[in-house]
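Quick setup: one chain, the form predicted alone, written in structure tokens, and binding and motion questions come after.
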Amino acid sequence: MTATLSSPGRPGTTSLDRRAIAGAAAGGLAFGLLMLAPALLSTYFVEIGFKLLLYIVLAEAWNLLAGYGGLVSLGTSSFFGLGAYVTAGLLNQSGMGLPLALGVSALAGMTIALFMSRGLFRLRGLYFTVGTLALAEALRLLVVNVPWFGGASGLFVTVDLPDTPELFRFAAGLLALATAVMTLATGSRFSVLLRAVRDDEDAASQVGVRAFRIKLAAFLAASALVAMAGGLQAAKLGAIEPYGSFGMQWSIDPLAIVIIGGLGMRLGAVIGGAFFVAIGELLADYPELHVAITGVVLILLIRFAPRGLCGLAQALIKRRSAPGATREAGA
């Protein structure tokens, strides 16, 4: 087996090693290009790029929970809003820089996730989904009714904030972190355990899988990423209020992006995010039409291509390569 996996020219180097090296090189190149993008693009495209990067991060986090863990959550807005408020409060009150504030926001998101996990993980299926939705509403009501959070009027960030190009680079760094988390989670033994819990939690527990710990690890990672995304959005806007920061769009949009791109697919968040943002920009002056077209696309994909655009592309590639493979085999 070792001889089969080893490269003839470089003993001990497996095909998996080569793919990992190629993937790391491609990721490094993509990250470098993203860091240079603000200097090469117009202000409009930098704004759109920031939005796209933020959506991809949210979709990656949701895909980790639902696509790989089977935990269909509508509570993304709870951690997004939490991150926004923690970041804004820290910037105003402590004077700490944005990177440190984002790090504390991630810890805050993980703390709330850890605190709520015991109750939420007792729920399964639709009941878990409703439980996460209730969490988002509870946090929103808390923020509205506590004067320290600014009530229904929200908060203004009173310190100097990075400009849009700099925030774009922060978003690129957050996407790199999200990609690293997804790579570790889906390219290791953890992925196998997470899928086992998703497919049959009781059977997985009976063979020794610690289902609670596996789900908790995914929940903590996703919560931290979403909280940091919320913090970046607060820095971008310079002002936050509960109905926007905890709005349902932050729970629905990542779900739609993943379904469009491909549930449980590595590139699903990227493809779905690009499609979602492009449609939104093209139909910015026609919001009702945007919602209608997005709904139709979702219905068609769920009905005819449940693995999303990525799965559809894979099926088309296989279908095109099959006749060539057949002719080659026949020859």
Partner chain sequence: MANPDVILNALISGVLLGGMLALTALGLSIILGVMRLVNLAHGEFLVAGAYAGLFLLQWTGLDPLAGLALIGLVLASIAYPIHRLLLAPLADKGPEASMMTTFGLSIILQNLFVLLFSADTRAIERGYATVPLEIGPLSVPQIYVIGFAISVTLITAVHLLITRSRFGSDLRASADQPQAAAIIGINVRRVHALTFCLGAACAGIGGTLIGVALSFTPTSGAAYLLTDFAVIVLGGLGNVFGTLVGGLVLGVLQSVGGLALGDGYRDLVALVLFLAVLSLRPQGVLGSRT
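Numbering follows the first chain given and starts at 1. All values derive from a computational prediction rather than experimental measurement.
The same protein has a further form, the form predicted in complex with its partner chain, not shown here; the description that follows concerns it.
Visitor: Considering its partner chain in the model of the complex, which of 29, 292, 278, 35 comes within 4.5 Å of it through any heavy atom?
Guide: After the contact test, the surviving option is 292.
Visitor: Considering non-hydrogen atoms and a 4.5 Å limit, which listed residue (296, 284, 40, 267) is close to its partner chain in the model of the complex?
Guide: Of the candidates 296, 284, 40, 267, 296 is the one lying within 4.5 Å of its partner chain in the model of the complex.
Visitor: Just one of 77-85, 106-114, 231-239, 245-253 has heavy atoms within 4.5 Å of its partner chain in the model of the complex; which?
Guide: Checking each option against the 4.5 Å cut-off leaves 245-253.
Visitor: Is there a heavy atom of residue 133 no more than 4.5 Å from a heavy atom of its partner chain in the model of the complex?
Guide: Yes, residue 133 lies within 4.5 Å of its partner chain in the model of the complex.
Visitor: Wondering, does residue 152 line up within 4.5 Å of its partner chain in the model of the complex on heavy atoms?
Guide: Answer no; every heavy atom of residue 152 is more than 4.5 Å from its partner chain in the model of the complex.
Visitor: So in the model of the complex, is its partner chain close enough to residue 119 to count as touching (4.5 Å, heavy atoms)?
Guide: Close contact exists here: in the model of the complex, residue 119 approaches its partner chain to within 4.5 Å, heavy atoms only.
Visitor: Taking any heavy atom pair closer than or equal to 4.5 Å as contact, tell me whether residue 102 reaches its partner chain in the model of the complex.
Guide: Outside the cut-off, so no.
Visitor: Verify the flagged residues 216, 312 and 316 against its partner chain in the model of the complex: is each one within 4.5 Å by a non-hydrogen atom?
Guide: Spot residues vs its partner chain: no contact at all.
Visitor: Taking its partner chain as it sits in the model of the complex, which residues of 123-143 have a non-hydrogen atom within 4.5 Å of it? Please list them.
Guide: The stretch 123-143, when checked against its partner chain in the model of the complex, contributes 123, 126, 127, 129, 130, 131, 133, 134, 135, 137, 138, 141, 142 at the 4.5 Å heavy-atom cut-off.
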